[in-house]
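The chain that follows stands alone, in the form predicted on its own, written as structure tokens.
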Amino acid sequence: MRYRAMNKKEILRVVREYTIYIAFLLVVIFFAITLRGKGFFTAANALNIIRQTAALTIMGVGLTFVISTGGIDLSIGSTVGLSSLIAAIILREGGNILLAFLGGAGIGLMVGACNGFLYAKLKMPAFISTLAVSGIVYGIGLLPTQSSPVPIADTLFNNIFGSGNIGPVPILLIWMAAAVVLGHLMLRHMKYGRQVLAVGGNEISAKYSGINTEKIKFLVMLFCGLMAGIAGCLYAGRMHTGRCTFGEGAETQVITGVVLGGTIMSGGKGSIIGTLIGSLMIGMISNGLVIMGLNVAQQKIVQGIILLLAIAFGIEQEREA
């Protein structure tokens, strides 16, 4: 059997395809060297990074579908906060853990449905509509508590949705793995996922090929809202409290993880596995910067720079395609 040597263009394409994995490895090596002996390169810290990034990864799974259609959802952070608050209030008023979870996830679905209606039916630019919805959702969250936390005393809820472990495995890892597997199967192995990518690649062509583009754009927003609602419950369980400010500023980290993972902002290409790796890398960088002694402001600057680089790389990928 003959093997044909790859030309320069093919080599560059392969390198771009695996850039996120190469970058992830380089970040691990960098922190392993610079933070040697400071507790970064330990199993305990690795589990801590997973706990810190599980909810962000779940949000990223939902956002991957939205960005794959060429849209964006800037309301996910506010949705997380309101969902955590609603779950905590339901528990405080005597509701059981199932009702609290359904309440938190239901808020996510409601916000997602609102975003989907504006994005798909009214054809509003997703950047503007979801930004407006974000402000509304955040304001609604302020009404009952004025940003004060609502403690959660239900140990079972806290264990199932954040603090618990199954043996040595954090429960948050299981939630994250379930979301990633579901998202990957939907995007890569189901007709729905192919339609999502088709809408993002060329909406007009997708429409003429028989795809209900409005329905697809509505459903991606609905799914993203659901993932944000579930993430809100996980925030509440992990922090043992609900608060409308949970998720504040999370949009930057989630978008960065999704774009680093290879999802193109203009749509047509998305990767759930890439989102997982990108989110873990962002969590690892944040964790490493804390150990290095950087304050919150410095961490935000670094995260912003990473986001700019990720978007620039995504644009370059799109041009090459």
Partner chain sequence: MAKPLLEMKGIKKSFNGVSVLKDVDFQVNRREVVALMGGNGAGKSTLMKILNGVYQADEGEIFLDGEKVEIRNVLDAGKHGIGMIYQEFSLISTLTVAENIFLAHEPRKRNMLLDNRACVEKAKKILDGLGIEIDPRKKVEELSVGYRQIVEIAKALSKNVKILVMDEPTSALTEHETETLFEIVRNLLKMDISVIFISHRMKEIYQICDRITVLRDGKIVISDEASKIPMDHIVSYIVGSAMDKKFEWIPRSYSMEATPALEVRNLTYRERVRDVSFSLYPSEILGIAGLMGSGRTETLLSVFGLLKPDAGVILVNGQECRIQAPEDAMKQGIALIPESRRVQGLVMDHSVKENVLITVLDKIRKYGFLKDRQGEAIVEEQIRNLDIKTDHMKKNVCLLSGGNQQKVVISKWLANKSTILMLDEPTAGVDIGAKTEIIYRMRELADQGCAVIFVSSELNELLAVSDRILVLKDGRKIQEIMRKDIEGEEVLQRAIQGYE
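Here the structure is a predicted model, which is why all the values come from computation and not from measurement. Numbering follows the first chain given and starts at 1.
Here the subject shifts to the form predicted together with the partner chain, a form of this protein not shown in this document.
Only one of Ser163, Asn202, Thr145, Thr245 lies close to the partner chain in the model of the complex, with a heavy atom inside 4.5 Å, and it is Asn202. Screening Ile97, Ala250, Ala198, Ile72 for any heavy atom within 4.5 Å of the partner chain in the model of the complex leaves a single hit, Ala198. Stretch 181 to 189 is the contacting one of 146 to 154, 79 to 87, 130 to 138, 181 to 189, since its residues have non-hydrogen atoms within 4.5 Å of the partner chain in the model of the complex. Of the heavy atoms in Gly167, none are within 4.5 Å of the partner chain in the model of the complex. Using a 4.5 angstroms threshold between heavy atoms, His240 stays clear of the partner chain in the model of the complex.
At a distance threshold of 4.5 angstroms between non-hydrogen atoms, Gly288 is out of contact with the partner chain in the model of the complex.
Shown alone here, Gly283 lies farther than 4.5 Å from the partner chain in the model of the complex, counting heavy atoms only.
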